[in-house]
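There is one chain below, alone, in structure tokens, taken in the form predicted on its own.
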């Protein structure tokens, strides 16, 4: 009995240690960015574009911030509806279908594809074949392909997390599956689905490889034209670091990107907690 008690305490200590290690790593990253990038943050840094020669040695990141938000919006617009519909089919209508297994395998394979491969596919399909060129639209659609499996998996988990008694009660009362889905299941799963969309948005915001070959440019305006290149935070950060243009501005850009991702993930966790409390 004492041996089992000691084993339980050992496992508990290991779990706590792993959690504290993750917090330590995250805290170290944030501390480094705050120390090295904090001095670069200012209202001017957030509201002006990069300046100087070479570009980015001074000025701010406003076009990069706008480009990143635009790319996220297009990616979610392109992937949210098909991703949620796919998840609904997997959970509600595909119980005994071979197609369900094929879709699950496809989603798992898509989730494991390196982002640069997704970018090359987006380049071939959207930039070359569709004729969009290096543009905001091509980059956003490529990111949509990249985040599609994330949306499917998180939406599927949200639907599976709905109390099965709702389904059993509704079906026993003769309620149609469509009515039950629209009026009961989806509203119950909505916080989890929204949480997944925010996580997908954060994934898209931090991606560099797909937009390097489909959307990003070293210098571009922030007009929002779908068929012109855009600046984006991760690509701008890559240029600043790789070319050693301005390490201070690079750390400042990295800090803004990490804060944006933290905001998205914190909101996603808050929505998930709302769902858990309502369950």
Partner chain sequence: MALYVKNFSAGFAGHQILKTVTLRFKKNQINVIVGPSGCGKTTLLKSINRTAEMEKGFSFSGEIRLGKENVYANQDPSVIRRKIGLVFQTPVALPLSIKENVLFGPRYFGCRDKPKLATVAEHCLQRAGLWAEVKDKLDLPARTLSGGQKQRLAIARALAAEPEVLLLDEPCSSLDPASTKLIEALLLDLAGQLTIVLVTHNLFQANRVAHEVIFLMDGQVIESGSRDQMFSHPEQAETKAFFSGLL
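Since the structure is predicted, the reported quantities are computational estimates derived from the model, not experimental observations. Numbering follows the first chain given and starts at 1.
Below, we refer to the form predicted together with the partner chain, which is not included among the displayed structures.
Within 4.5 Å of the partner chain in the predicted bound form, do we find a heavy atom from each of 172, 177 and 184? Checking in the predicted bound form: 172, 177 and 184 are all within 4.5 Å of the partner chain.
Of the listed stretches (147-155, 88-96, 107-115, 134-142), which one has a non-hydrogen atom within 4.5 Å of the partner chain in the predicted bound form? Stretch 88-96 is the one.
Only one of 168, 128, 73, 190 gets a heavy atom within 4.5 Å of the partner chain in the predicted bound form. Which one? None of the others qualify; the residue that does is 168.
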